[in-house]
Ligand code: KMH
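Below you will find one chain, with nothing else, as structure tokens; this is the form predicted on its own, and questions on how it binds or moves follow later.
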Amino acid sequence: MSGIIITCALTGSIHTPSMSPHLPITGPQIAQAGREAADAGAAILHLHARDPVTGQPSAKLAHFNGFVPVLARETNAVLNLSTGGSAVMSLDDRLAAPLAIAPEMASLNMGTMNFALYPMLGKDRDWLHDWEKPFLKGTDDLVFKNTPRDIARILTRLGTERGARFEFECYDLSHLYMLRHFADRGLIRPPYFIQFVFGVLGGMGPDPENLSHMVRIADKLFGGDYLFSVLAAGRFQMPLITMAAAMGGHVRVGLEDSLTIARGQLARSNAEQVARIREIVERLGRDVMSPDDVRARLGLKGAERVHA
């Protein structure tokens, strides 16, 4: 099999600080998490920011600047900034930091969808901040807006104008057809790096047959012009990404996607998850790709052109 790309999503915007003491919140914490994940074998670091005082997801450039320059200076990892931010943010807010930083890669959600996190309220816990519980509760009426106009704007402003390549996040089958639409419009070029997202309520369920079907349809739509990676939420993380690795795909781990390393056991760090999946994929006979291997494979512009 070919080399495998390990992406690590360090903190995200889904989990709240009360859910794990190991979730990185501050700039120094996120920077440390990124260094450790890169050392463990993650070639791509997927980045969100948080307010260092409250732990709330943040789109502020100042908060991204608390860790992006450090990671650019102290790792060779490909820095992949989120354009999704949080589903409660406006598109202007979500784009502010990526437009200023002009990263090598950025994530791009390929469709509007329900984004329901309220089932996380089912577990009793002591809440550290007064925003956490209302935020989760309000997601029973939350629409994550990513219209064709929004997608075209991101592709133009970040891609055409700033040279970023994209991790296309597909939460459902329809998102693959939307991606094909933009390829046909000439706004993107191969190779397409497609992230199949499983386990978010409102998107695809984490069923193995869904992964197999997504690969079949992607093969039909993109032929040999794409790479697929898999992320799965919560306890489905390791089983589904192991299946992806066995199928020749790529993998994503990180505390954005799952707070655990085993059932009922919190992961102590992002690097612990990276080390776990690295051991698994190497036992499958896959070679872990370096950041420079990824840059060559995906046609990235190079770290020297990032404004970090």
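When you see a residue number, it is the position in the sequence shown, counting from 1. In this text the structure is predicted, and so the values were computed from the model without any measurement.
The form predicted together with the named molecule exists for this protein as well; it is not shown, and the discussion that follows is about that form.
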Query raised in the report: Are all three of 7, 250 and 286 close to the named molecule in the predicted complex, meaning a heavy atom of each within 4.5 Å?
Result: no
**Report entry** Distance check, residue 120 to the named molecule in the predicted complex, heavy atom within 4.5 Å
**Finding:** no
Report task. Give a yes/no on whether residue 36 approaches the named molecule to within 4.5 Å in the predicted complex, heavy atoms considered. Result -> no
Report task. Flag residue 197 as yes or no: does it have a non-hydrogen atom within 4.5 angstroms of any non-hydrogen atom of the named molecule in the predicted complex? Result -> yes
Query raised in the report: Does residue 104 reach the named molecule in the predicted complex if we count a contact as any heavy atom within 4.5 Å?
Result: no
Report task. Choose from 122-130, 219-227, 67-75, 80-88 the stretch whose residues reach within 4.5 Å of the named molecule in the predicted complex, heavy atoms counted. Result -> 80-88
Query raised in the report: Using a 4.5 Å cut-off on heavy atoms, what residues in 157-192 are near the named molecule in the predicted complex?
Result: 169, 171
